[in-house]
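Given next, in structure tokens, is a single chain: the form predicted on its own.
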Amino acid sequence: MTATAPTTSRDAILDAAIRCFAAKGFSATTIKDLAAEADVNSALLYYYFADKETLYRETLRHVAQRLSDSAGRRLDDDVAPDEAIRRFVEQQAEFLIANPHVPRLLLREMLEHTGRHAESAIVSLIAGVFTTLCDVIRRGQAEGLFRDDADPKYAAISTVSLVAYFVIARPVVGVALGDGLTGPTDARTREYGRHAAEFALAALQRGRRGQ
């Protein structure tokens, strides 16, 4: 009787895959690279995943699920729309501090493959977090907290983009803030997350543009 592989091995492989694919991209990363990063033999990778492309797609889905779980909880909380936005944006910063390889992985996929491998992951995010964020903004408009002339979809994209750009453009941001090409420190990223939350709310709230 064949022993069942440890249930934790699959997650360890996915975590290693995030690092490998972020560093080298899909094409340049080999099964040997992935096995070495995960500290397992290649056979175990094939135990869980049929081939490298299957592992890559599952890695992107895994990242999307993490993003959804992390950010979605902040939007699902039974709080006022402005507080939900604040928690959502601040949690974005916390997620990217805890998962520093994710921005490069996603950026590589967008630039090198136009999102082809991530289509199902993107659809899942749009159906979940993005739609919920739009609903929160609409609720804020209905309650008179947010400007009613703002398109909820555009406002949601702008809200997400604030922290996303900060971490994607780490070297530029790092130099601009005096932290160097290595990028902002975790403390700086957390501080920016708080700023971005207030910045997003200032753009959304009534009365901030002479209304």
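Numbers for residues come from their place in the sequence shown, where the first is 1. Basically, rigid core = biggest C-alpha set you can superpose within 1.5 Å across the two forms. If you're wondering where the values come from, they're calculated on a predicted model, not measured in any experiment.
One more form of this protein, predicted together with the DNA, exists but is not displayed; see below.
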Assert contact_stretch over 60-68, 157-165, 44-52, 173-181 against the DNA in the model of the complex, heavy atom within 4.5 Å, equals 44-52
Considering non-hydrogen atoms and a 4.5 Å limit, does the DNA approach Leu145 in the model of the complex? no
How about Ala150 - does it come within 4.5 Å of the DNA in the model of the complex, if we only consider non-hydrogen atoms? no
Quick one: is Thr30 in contact with the DNA in the model of the complex, heavy atoms, 4.5 Å cut-off? yes
Against the rigid core, is the Cα displacement of Thr185 between the shown form and the other one at least 2 Å? no
Yes/no, Leu145 Cα shift of 2 Å or more between the shown form and the other one with rigid core fixed: no
